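Consider the single chain below, provided in structure tokens and representing the form predicted alone.
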Amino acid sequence: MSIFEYNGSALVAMVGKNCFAIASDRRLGVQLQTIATDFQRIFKIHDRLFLGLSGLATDAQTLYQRLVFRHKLYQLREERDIKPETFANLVSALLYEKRFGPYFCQPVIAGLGVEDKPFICTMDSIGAKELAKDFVVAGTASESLYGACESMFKENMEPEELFETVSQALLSSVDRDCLSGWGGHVYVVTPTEVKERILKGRMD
């Protein structure tokens, strides 16, 4: 078993019309044994920027703390919130610094940029970015998430339809992966509000 699959995870970010959704499962396991069913994988950087971390849970928490530290320094120096594109470059540089002993994480970054344009990207454990215009996925359920998102995604979805689409994609995908699941955690972010919802899924 790969170290990336040790705790299990499922992450997806999807773009709508001037909005985006980011969703994760809630299971924390040690291989096939479930340890917790309310594990947090999505973190708020600021009101318009969210970070999801799949992979090894301990590294995800360490990486998040280092990124919060870097963002606070940025806020002090620049006196403004960081742009999603800039934050993606920051995460990429931080990961590449440690390329000979990497954090075993696959980050998903989602945010609203200038003129409320949604930005999503993911990267590997050494910071190689992959930008997308529709959706990005990460974690042990990524293969089934690709299929579900590919078939369900539509352009210019309104926030409610986007929530429905990303939730159905997540729930149907984690049922096909025994290392992730146990419900879902969904954020839908628009220029004016952030909606957070907990999904109930199969508890097995």
Partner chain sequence: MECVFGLVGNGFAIVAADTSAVHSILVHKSNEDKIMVLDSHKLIAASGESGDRVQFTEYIQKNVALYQFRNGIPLTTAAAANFTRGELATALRKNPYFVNILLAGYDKETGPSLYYIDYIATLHKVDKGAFGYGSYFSLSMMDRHYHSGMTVEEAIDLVDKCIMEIRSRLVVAPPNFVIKIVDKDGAREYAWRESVKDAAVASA
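Numbering follows the first chain given and starts at 1. As the structure is a prediction and not an experimental result, all values here were calculated from the model.
Below: the form predicted together with the partner chain, not depicted.
So which of 166 to 174, 53 to 61, 133 to 141, 146 to 154 is the stretch with heavy atoms within 4.5 Å of the partner chain in the predicted bound form?
Only one stretch passes the 4.5 Å heavy-atom test: 53 to 61.
Verify the contact flag for F43: yes if a non-hydrogen atom of it lies within 4.5 Å of a non-hydrogen atom of the partner chain in the predicted bound form, no if not.
No, F43 stays farther than 4.5 Å from the partner chain in the predicted bound form.
Classify D38 as contacting or not contacting the partner chain in the predicted bound form by the rule of any non-hydrogen atom within 4.5 angstroms, answering yes or no.
It does: once the partner chain is placed as it appears in the predicted bound form, D38 has a heavy atom within 4.5 Å of it.
Does the 4.5 Å heavy atom contact test between Y6 and the partner chain in the predicted bound form come out positive?
Contact check for Y6: yes, within 4.5 Å of the partner chain in the predicted bound form.
With heavy atoms only and a cut-off of 4.5 Å, decide whether L28 touches the partner chain in the predicted bound form.
Yes, contact at 4.5 Å.
Is it true that L32, Q65 and F104, all three, sit within 4.5 Å of the partner chain in the predicted bound form, judged by heavy atoms?
Yes, because L32, Q65 and F104 each have a heavy atom that approaches the partner chain to within 4.5 Å in the predicted bound form.
Within 146 to 168, which residues come within 4.5 Å of the partner chain in the predicted bound form, counting heavy atoms only?
Sequence-ordered list is empty.
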